[in-house]
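Next up: a single chain in structure tokens, the form predicted alone.
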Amino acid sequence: MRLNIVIGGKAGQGINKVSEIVSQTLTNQGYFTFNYRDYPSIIRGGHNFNILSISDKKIESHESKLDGIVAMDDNTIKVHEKALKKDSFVIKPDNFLEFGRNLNVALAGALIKILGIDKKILIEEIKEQLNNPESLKAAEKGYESQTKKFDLKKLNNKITILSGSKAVTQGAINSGIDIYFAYPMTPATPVLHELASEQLKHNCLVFQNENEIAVANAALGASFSGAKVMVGTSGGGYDLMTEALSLQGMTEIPLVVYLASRAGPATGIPTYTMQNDLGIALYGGHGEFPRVVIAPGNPIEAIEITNHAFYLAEKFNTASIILSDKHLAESEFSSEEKPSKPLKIKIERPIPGEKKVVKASSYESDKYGYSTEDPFLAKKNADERIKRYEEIKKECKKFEMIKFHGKKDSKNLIIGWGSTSGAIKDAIQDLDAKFLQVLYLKPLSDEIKEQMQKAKKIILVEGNVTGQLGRLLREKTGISIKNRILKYDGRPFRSDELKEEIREVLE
């Protein structure tokens, strides 16, 4: 069973609350949900919508065909009615306008009735989330206005809902983060907000600097003093940070960077999604120095990978970059899985003010920390920096650098990374294909080349223009992937459409 329902209206009308009420109600009933958010870069007006996907099995994507529309304005119906399946439903706002700001609650009640869930369960959820007479009245009237279309009986699944942003926040807290520096930039900003709301509870500091240059440099100063530090930004902000990132490479001060990609160069499409910052994550900054680049595909992986990033940064005095995007950061995933037990992050490096003098400089230095231009020392230091890659790679083998999904013995190999993994996993369920999900992009697993050599047909799936993972794999393996499915319109893959694209290549 799978349903896809669009919930739409103007910015400021509260469509996210409809999704929240319905998603939580369904989760309590044992159903899996995936909630995709689509909105333009405006505060009021325009057309915002969520696509809420519902299933009795785990899902991590939405589809293009709709089973229903929940409309907070007439424009939502005009925009989406062509995507409706036969025997679909439409809930219009006309009968609930009297409820004003509780219009969204009435619509949530109407949708709960259509799904066939008992009214008592709806009322309990409204009391839990809102608990005021107006909201309860709106929910009840919305419920009574509809007739049951589906019969979603309670399932025995224990499910939690989490966004990628909340997951990165949890991973940082699990790692004992001391300070988070950031300047607001969509889609990285939700982590700033989430951590700010948790700082008193978890005894950490969240600080908004005046710009991204200040963010990165302040972070290095705080880390130098012994704090566990993370910074967050999107592509444009990361550009500004790269000089400080090179400073990290020379000083070897541990740093964790959360990089949430947006669509296009410059401002691009600021509230939409693409996987186009892999290149700058891998190579951004001047000079050559080690770094780690890891890309989770869902919130459970994001919790674990954020913890790994702190661990590796501290163990190897390097920069660990967590690569995400708007689709992962702001979509809401449901899951029965629990993240693995977090690693304890120990600070074992010399800290200023303790036993001895500690020096860090942007200059090449000798073993005493004094600046040098000696060619022998310059070469020796460069060799030692690059040699650390092998040490990092050896350590990373303790983790899942890659994952396999689908038919494990298939000769058809799909390769992808990050937020596209959810749509790929859902798309290949009935296909003769194996999905190799790359989590560690730097360092890269040696097993990838082995799998590519054994495959009969390879398909690259990415959310960017040039196939940046494909370019990395060609560089590291010598194998060029000719079959590529690329999406770069700012919207994520929809699993039913992706399934047909993959099927065409396999045929």
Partner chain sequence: MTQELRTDSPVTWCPGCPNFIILESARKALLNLIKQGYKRENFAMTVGIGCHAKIFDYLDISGIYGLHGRTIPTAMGIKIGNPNLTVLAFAGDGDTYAEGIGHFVHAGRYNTDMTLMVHDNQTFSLTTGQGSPTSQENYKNKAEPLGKSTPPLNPIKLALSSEISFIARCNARDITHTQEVLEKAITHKGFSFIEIIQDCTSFNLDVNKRDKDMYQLNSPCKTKDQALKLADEFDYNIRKGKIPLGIFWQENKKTLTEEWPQLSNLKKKGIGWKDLKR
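For clarity, every value in this text was computed on a predicted model and none was experimentally measured. Residue numbers count along the first chain shown, from 1.
Below, we refer to the form predicted together with its partner chain, which is not included among the displayed structures.
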{"property": "Residue among Leu431, Ile351, Leu282, Leu343 with a heavy atom within 4.5 Å of its partner chain in the predicted complex", "result": "Ile351"}
{"property": "Contact residue in the predicted complex, chosen from Ala218, Ala83, Ile123, Leu377 - any heavy atom within 4.5 Å of its partner chain", "result": "Ala218"}
{"property": "Stretch in contact, per heavy atom within 4.5 angstroms of its partner chain in the predicted complex, of 262-270, 133-141, 236-244, 303-311", "result": "236-244"}
{"property": "Heavy atom distance at most 4.5 Å to its partner chain in the predicted complex, all of Ile43, Leu66 and Leu486", "result": "no"}
{"property": "Ile117: touches its partner chain in the predicted complex, heavy atom cutoff 4.5 angstroms", "result": "no"}
{"property": "Lys356: touches its partner chain in the predicted complex, heavy atom cutoff 4.5 angstroms", "result": "yes"}
{"property": "Contact test in the predicted complex: Asn203 vs its partner chain, heavy atoms, 4.5 Å", "result": "yes"}
{"property": "Close approach of Phe89 to its partner chain in the predicted complex, 4.5 Å, heavy atom", "result": "no"}
{"property": "Contacts with its partner chain in the predicted complex, stretch 204-235 (heavy atom within 4.5 Å)", "result": "Cys204, Leu205, Val206, Phe207, Gln208, Asn209, Glu210, Asn211, Ile213, Ala214, Asn217, Ala218, Leu220, Gly221, Ala222, Phe224, Ser225, Gly226, Ala227"}
